[in-house]
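Coming up is one lone chain in C-alpha cells, specifically the form predicted on its own.
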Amino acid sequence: MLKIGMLTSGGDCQALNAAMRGVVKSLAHKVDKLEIIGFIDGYKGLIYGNYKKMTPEDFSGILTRGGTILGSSRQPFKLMREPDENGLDKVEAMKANYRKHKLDVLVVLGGNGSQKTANLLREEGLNVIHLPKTIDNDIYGTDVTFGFQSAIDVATQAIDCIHTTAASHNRVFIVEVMGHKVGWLTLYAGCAGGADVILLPEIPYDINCVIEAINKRSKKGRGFTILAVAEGAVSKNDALLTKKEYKKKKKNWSYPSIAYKIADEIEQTCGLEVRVTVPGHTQRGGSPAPYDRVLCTRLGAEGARAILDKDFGCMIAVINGEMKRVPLEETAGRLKMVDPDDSMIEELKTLGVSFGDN
C-alpha cells in the first residue's frame, strides 16, 4: 500500500484540482492500493491535524473545476519557526501529523512561500514532492507554473473588453493586473491584449515617459490609450527608497492602489479623463485553461513517477517543454524575475509599446 498526504497552500488558482488529479490518477494506475490523506486549508491542516481520508474516486471529475477541493490558506514561511498563539511548535506539529498517518510522501501544491516550507520539511527529514503553482509564474527553476496561462486568459479578456469602451469614449484606461513583486502576468496579458503601456515591478517607471507615450498616440490621431499596470509597479523615485521607507510612504497615500495614483498623475498633468479597472481575484477564478489542464496532467504524472522512484525532495519543473525533477534546495527562496533586457520586452518596444522607462 502507498499512503500519500496532499495539500494546496497559498493563493488559489484555476488548475489546482487538475494537478492533484494528475498525481492521484497516475499513482492509482500503478499501485494496487492507494490511500490519500487530504489536509484541509493547506499547511494549517497539516499543523492542526485537520484532514480527510480520500480515495482515487474523490479526484474524478475535477479536471475542469477551478479552485481547490482541499481548500487553501496562507501560512507565512517567516512565521513557521515561531510558536502559534497557544505556544504550539508548528514545525514539530507538522512532523508529528505526517508520522501519525504513516505517510510515504507529502505532495505540496503551492507557490514560493509554500515551496520554502516544503524545503524546510525536507530538511526535517520528511519525504516531499512539490508541484509549482502560481499565477505569477515567479518560481525559480521552472519555465512555467500552472495557473499562469489561465490567469493570462482572464487578464487579457479584461483588456480586450476595455478596448471597445476606451475607443468609444477616447479615454485613457488603466487595467491593474495582479503581481506584487514580479511582472510576468502583466507582461504577457499586456502583450496579448495590445496594451500601449506596460508597467512592471522590475522596470521602475517615469510618469513623464508614460505621459509622453499617451501624447504620442494623441498626435497620431489615436484618441485612447490602454495601460496594463502590475499592482507592484513602482516609480523611479520610489524605487530608490528602502522597502521600509516605501511601505511607510504608501500608508499616507490617498489612493487604493498604484493604478489610481498613476491615473491621478495623468489627469493632473494632461487633463485627460482616466478610468481604472481592477480585475482582481477574477484572475484566479473560473475553470483552468486547456493549456493548464494539459500542463497539470503532465506535472501530476511526473510527480507520481518521482514518488514511485522514491525520488523525494524535488520540485517537478517544466524545462524546454519537458518534465524535470529539480532539487528543492536549488529553488526554494529564489524568485524568477522579469529581466528588463528580456527579448520579449525589446520586441514589444520595437512595436511601440512603452514600459515607462524611456
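For every residue, the number given is its place in the sequence shown, counted from 1. Please read all numbers here as calculations on a predicted model, not as lab measurements.
The form predicted in complex with 6-O-phosphono-beta-D-fructofuranose (F6P) is left out here; the points below concern that form.
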Thinking of His163, Asp196 and Arg275 as the candidate spot, does 6-O-phosphono-beta-D-fructofuranose (F6P) come within 4.5 Å of a heavy atom on all of them in the model of the complex? no
Interface stretch in the model of the complex with 6-O-phosphono-beta-D-fructofuranose (F6P) - options 176-184, 215-223, 122-130, 243-251, non-hydrogen atom within 4.5 Å: 176-184
Heavy atom within 4.5 Å of 6-O-phosphono-beta-D-fructofuranose (F6P) in the model of the complex: which of Lys100, His281, His169, Lys78 fits that? Just give me the one. His281
Listed residue (Leu227, Ile135, Leu200, Ala189) with a non-hydrogen atom within 4.5 angstroms of 6-O-phosphono-beta-D-fructofuranose (F6P) in the model of the complex: Ile135
Does Glu231 make contact with 6-O-phosphono-beta-D-fructofuranose (F6P) in the model of the complex, using a 4.5 Å heavy atom cut-off? yes
Residue-level contact is defined here as any heavy atom of the residue lying within 4.5 Å of 6-O-phosphono-beta-D-fructofuranose (F6P) in the model of the complex; does Lys95 satisfy this criterion? no
Taking 6-O-phosphono-beta-D-fructofuranose (F6P) as it sits in the model of the complex, is Lys236 near enough to touch it, meaning that at least one heavy atom pair lies within 4.5 angstroms? no
Could you run down 52-76 and flag each residue that has a heavy atom within 4.5 Å of 6-O-phosphono-beta-D-fructofuranose (F6P) in the model of the complex? Arg74
